[in-house]
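Coming up is one lone chain in structure tokens, specifically the form predicted on its own.
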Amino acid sequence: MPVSRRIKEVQEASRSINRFHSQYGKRRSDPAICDFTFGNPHELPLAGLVSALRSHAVPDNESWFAYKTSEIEPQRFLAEHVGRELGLSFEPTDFALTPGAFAAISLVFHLILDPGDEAIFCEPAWPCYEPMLLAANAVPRKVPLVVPTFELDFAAIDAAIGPRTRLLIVNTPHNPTGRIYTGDVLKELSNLLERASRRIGHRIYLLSDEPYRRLRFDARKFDSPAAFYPRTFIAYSYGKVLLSPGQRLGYMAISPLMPREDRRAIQEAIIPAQMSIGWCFPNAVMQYAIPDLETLSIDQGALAHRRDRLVPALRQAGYDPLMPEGTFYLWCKWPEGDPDRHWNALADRNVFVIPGAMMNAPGYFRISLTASDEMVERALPLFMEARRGT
């Protein structure tokens, strides 16, 4: 067998993703479809993004495109600006610049997980946690969120913590449900992890996956777990707020509340870890552009408008959407019956959504609000028509 056992496990864990791609992939460029699948742009990029990339692609010196790790100027910028945003006193060396949140998450896995260590995450979840953990020789432990509110289930998390638990992953605002976990919830979670760490005899780390933290509806407040639990890492991506997932830029940050000795040990290990997992640094132009990109955002009013158009129409058609607090997704419950049949009824009418089976929640589906207004209007009667036809 030419493929490693580890990657065979990754293939198996990715089966639902691959199955979906086989159904949707051939038609994703078809202008006839209403594409509510991934958080991809369906309109031209932000003008500010384009001008920033153009500007910083012009070299100032002979080393402009030389090898880059994390450049000190963007690190300093992030320490100041993210520190102000989250109310935390970061140092520049708390930031490791990465090509998107994928790489930031992978960096955390490789920094702190030994083979056989366990990492807990809550479902429904972004479908790449499990294959990425398997690729890092770690053991995924999945616990359910509380249905139908999709709050964290503290009892289930506590029950899942055992002698090999090393990491808990929390995603807020949450993909796919759009939930934002409040400061009170995060404080209770911090207390739970402190108690559990004492119980098992070693520290549990927390990964706060927060690439949607600037995409919030109705002026909702955001609290980072890094402000409550000292042994927290942050994973962030600019691809969401800029709606430019193909221009890979993000970072991993260490909570400045982490004990000094642990923090220094991790800071010293970051560059060797990034080198060893495939030169895991963003390209030069993306790093230079960070000060220009930091204040840009897609039109959040347009996202709210699409949400407010879709939610009542879906309810009237017999679906059950959860009103999102953040992200750019709607998490919807299928009507009674076979979810595959419902999904196919929509696909037969050129409406494509993400099936909840990709996130181990087959009774649900996800809609991306990054679809264009024209797609939304075209799809509204089709949701009703598909419901009547099943």
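Note that residue numbering begins at 1 and tracks the sequence as displayed. Predicted model only: the values in this text are computed from it and were never measured.
Omitted here: the form predicted together with a small molecule. The next part is about that form.
Participant: Is it true that 100, 126 and 211, all three, sit within 4.5 Å of the small molecule in the predicted complex, judged by heavy atoms?
Facilitator: Heavy-atom distance to the small molecule in the predicted complex: all three under 4.5 Å.
Participant: Please tell me which of 165, 232, 175, 106 lies within 4.5 Å of the small molecule in the predicted complex, judged by heavy atoms.
Facilitator: Residue within 4.5 Å of the partner: 175.
Participant: Going by heavy atom distances of 4.5 angstroms or less, which of 81, 248, 187, 141 would be at the interface with the small molecule in the predicted complex?
Facilitator: None of the others qualify; the residue that does is 248.
Participant: When the small molecule is placed as it is in the predicted complex, which of 274-282, 253-261, 236-244, 314-322 ends up with heavy atoms within 4.5 Å of it?
Facilitator: The contacting stretch here is 236-244.
Participant: With the partner left out here, check for me: in the predicted complex, does some heavy atom of residue 224 sit within 4.5 Å of the small molecule?
Facilitator: Flag for residue 224 set to no.
Participant: Would residue 329 count as touching the small molecule in the predicted complex under a 4.5 Å heavy atom rule?
Facilitator: Taking the distances in the predicted complex, the answer for residue 329 is yes, it comes within 4.5 Å of the small molecule.
Participant: Is residue 75 part of the interface with the small molecule in the predicted complex - any heavy atom within 4.5 Å?
Facilitator: No.
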